[in-house]
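Below, in structure tokens: the form predicted on its own, a single chain.
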């Protein structure tokens, strides 16, 4: 009997079509040369590529049709994000999708009708959740006082440089709440860039102090805690999708090198000391994909239950370690060249370090899985 309990895994024809389209698009728009061109830019992505993704309907793919989306659910976003990870294509898609899910799951109908159609049509948004680097810290330092004025700051806000809407986790009347802050409300100098080890990504620290909120821009009540729990799991799931795609691309890079590099008159791929770890990379990546699409099968627009939580946490833990192992071996297999920034192996090991921390590392999730599976 499986410890999972629920082992359902369905890869629908719809998902397969999305995956084929997304892989082709990302491969064409984001070859490694294009990725490297964006490393030192302010946004970290090409706005023309983002506009094309919006025109394909990806910004609203997980949102209901009533709010301008495609109504396909969050599972339809998984193959898109996996394809982006494979091509190391970074855009505000994941940040915007998670912000939209927070509003959809936590907000009221008026807030959803007012905000979600814009997000589905390409307006960028992001979540501001962290006061420090610990995803397990439940303390909230951002406060909304009785007059509706915000005080406090958030760290590591993804895609803050381009986001037009910030969904900020705050405390109001002693309980968790969400503040909807528009970019124009931020004071000059409120955003300070934070350099990440993965230079394909962008994040910033933001000071929200002094911002006045209207009642309509504050989400309160019991739905907030539930929505927050769901979105943290969905964030882990989408990060796992990105990591799984990156692990597959890293494996491709390693195999290509093993087939072309010669040492002592032999292709290095003929040595068992390199064959065996390469097979381990493949099995780890395949395991991550299986867990990823199991999770994609059972997550819904409804409140996520125990089975969905187990699936999301298992996918994140496995994908994190699969990419960490693949990135490490890619650097080692390339020898001295692997330690230079010009080697593409560096892109994957840096992505692995970022993935490890985003929405919690494998230890963070396994600690919680122990209670879910063993208690």
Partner chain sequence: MSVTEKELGEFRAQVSAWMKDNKPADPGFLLPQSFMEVGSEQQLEFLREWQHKMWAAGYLGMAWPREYGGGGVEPVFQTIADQEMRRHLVPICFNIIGLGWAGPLIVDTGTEQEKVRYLKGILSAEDIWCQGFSEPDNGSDLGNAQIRAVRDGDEYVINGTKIWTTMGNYAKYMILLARTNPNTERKYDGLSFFLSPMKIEGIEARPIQKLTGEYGFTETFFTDARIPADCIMGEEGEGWKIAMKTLQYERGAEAGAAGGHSFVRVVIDDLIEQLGAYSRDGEPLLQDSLVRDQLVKLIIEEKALSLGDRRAGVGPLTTDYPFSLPLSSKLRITEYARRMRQFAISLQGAAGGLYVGDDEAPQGGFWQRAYFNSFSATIGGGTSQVQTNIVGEHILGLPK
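Numbering follows the first chain given and starts at 1. Everything numeric in this text was worked out from a predicted model, so none of it was measured.
Beyond the structure shown, there is the form predicted together with the partner chain, which is absent from this document and is the topic of what follows.
Only one segment in the set 183-191, 68-76, 289-297, 95-103 has residues whose heavy atoms sit within 4.5 Å of the partner chain in the predicted bound form; it is 289-297. At least one heavy atom of residue 350 is located within 4.5 Å of the partner chain in the predicted bound form. For the chain shown alone, residue 205 is a contact residue for the partner chain in the predicted bound form, at least one non-hydrogen atom being within 4.5 angstroms. Although the partner is absent here, residue 174 lies well away from the partner chain in the predicted bound form, with no heavy atom inside 4.5 Å. Although the partner is absent from this view, residue 55 stays clear of the partner chain in the predicted bound form, with no non-hydrogen atom inside 4.5 angstroms. In the predicted bound form, the partner chain lies within 4.5 angstroms of at least one heavy atom of each of the following residues of 310-324: 310, 314, 317, 318, 324, in sequence order.
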